[in-house]
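Form predicted alone, single chain, as structure tokens, below.
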């Protein structure tokens, strides 16, 4: 009788709220930490931390070029816990970029983007774009040298887009150059439009996960179900507590960067984009702008959005890397992409001077088509090898292409971050 009463107990208000986010019972396998690493929940928590700290920062920040920098200095120097709150906001923003990327690749490599989850993959990609946009717009707000010139570099890259580049860059800046209009545009986007849009997308994202049945798991005849409360909820509380503790400790010892006040007449050498755009800046050093700013971003963007819709014959939803061969190809592809990209950039930097050799043909051919072909042809041969030699299916081949694209970008990012000195020259 007592047991029966317990099972039919009316949920409290908090439990009812939790059960709007989670189903009442889930597959026990979903509780394993290495199934999701808690990355989605961590992202949601980081968004809340950013929202709260951002609201606090708004009390002190003044979005004009005459007062922005001084207001940040005053916040750090004169406001109780001002430096700590700014550190917390900065670290959470950087962490959100990294965690969002890890969440994206976790979802993909655990084969959780297909069929009824395909729509959510699209939402996830748009949210990733919103996170990058949020970080980029927030980058300018301190109005120091680092922020000013990083945003200047990126908006100049936008100008390379044929036909619409200057108009698009001027729309982003609100002017011909980075100035007070840019600061106000970025402030409005960063503190209003982007967070509100992200909140809507995140709500849709959660709803679609719930609709799809939660975490994607491999098919199994006999499954054990457990109550979400307390099994999953305690896990989430534990991860949240560890994350908050880690960020708080980091915010005590690490200070958000703040260089001298922005000076449009004094460009640092080298001028670098924000770290997550350094791969794009590196690409622009070697490829014609039409390829690096238009063709490649367009093709890669379409490829990633189309990932769930290729014609697959042997999908294993919920299985990491889809198959043992998929795992092997992913590891090989990441190593191949790193080595090949690094060698190619080194050769382009020191030995392959196509811009001189083919100067009479045109820059689109010398610095566009030729290096583009030098990259694409070996990669095509690499994929052909796996298909013929190991009988790789579409699932494994598409995964390999995805791995090569991501690994190549990370390699370029690291080269630009670590191996570029004055004048953006390679230091090895």
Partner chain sequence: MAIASVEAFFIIKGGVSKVEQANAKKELFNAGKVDSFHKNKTYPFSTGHFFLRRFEDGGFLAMSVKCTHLGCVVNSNLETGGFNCPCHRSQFNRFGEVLAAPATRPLDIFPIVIKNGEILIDTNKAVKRTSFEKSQLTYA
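Definition used throughout: the rigid core is the maximal C-alpha set that superposes within 1.5 Å between two forms. Please read all numbers here as calculations on a predicted model, not as lab measurements. Residue numbers count along the first chain shown, from 1.
What follows is about the form predicted in complex with the partner chain, which we do not show.
Chemist: So in the predicted complex, does residue 286 come within 4.5 Å of the partner chain, heavy atom to heavy atom?
Modeler: Taking the distances in the predicted complex, the answer for residue 286 is yes, it comes within 4.5 Å of the partner chain.
Chemist: With the cut-off set at 4.5 Å between non-hydrogen atoms, does residue 22 touch the partner chain in the predicted complex?
Modeler: Judged by the heavy-atom cut-off of 4.5 Å, residue 22 is well away from the partner chain in the predicted complex.
Chemist: Residue 347: heavy atom within 4.5 Å of the partner chain in the predicted complex?
Modeler: Output for residue 347 is no: heavy atoms all beyond 4.5 Å of the partner chain.
Chemist: Give a yes/no on whether residue 80 approaches the partner chain to within 4.5 Å in the predicted complex, heavy atoms considered.
Modeler: No, residue 80 sits far enough from the partner chain in the predicted complex that none of its heavy atoms falls within 4.5 Å.
Chemist: Among 323-331, 199-207, 214-222, 147-155, which stretch sits within 4.5 Å of the partner chain in the predicted complex, heavy atoms only?
Modeler: Flagged stretch: 147-155.
Chemist: Just one of 363, 64, 394, 380 has a heavy atom within 4.5 angstroms of the partner chain in the predicted complex, so which one?
Modeler: Of the listed residues, the single hit is 363.
Chemist: Which pick from 298, 171, 237, 226 sits with a heavy atom within 4.5 Å of the partner chain in the predicted complex?
Modeler: Checked against the cut-off, the match is 171.
Chemist: Heavy atoms within 4.5 Å of the partner chain in the predicted complex is the criterion; list the residues of 413-428 that meet it.
Modeler: Residues within 4.5 Å: 420, 423, 424, 425.
Chemist: At a 2 Å cut-off on C-alpha positions, does residue 341 qualify as shifted between this form and the one not shown after fitting the rigid core?
Modeler: No; residue 341 is a residue whose C-alpha shifts by less than 2 Å between this form and the one not shown when the cores are overlaid.
Chemist: Does residue 100 shift between this form and the one not shown by 2 angstroms or more at the C-alpha, the core having been superposed?
Modeler: For residue 100, whose C-alpha is compared between this form and the one not shown after core superposition, the shift is less than 2 Å.
Chemist: Would the C-alpha of residue 352 be classed as shifted by 2 Å or more between this form and the one not shown after rigid-core alignment?
Modeler: Shift of 2 Å or more: no.
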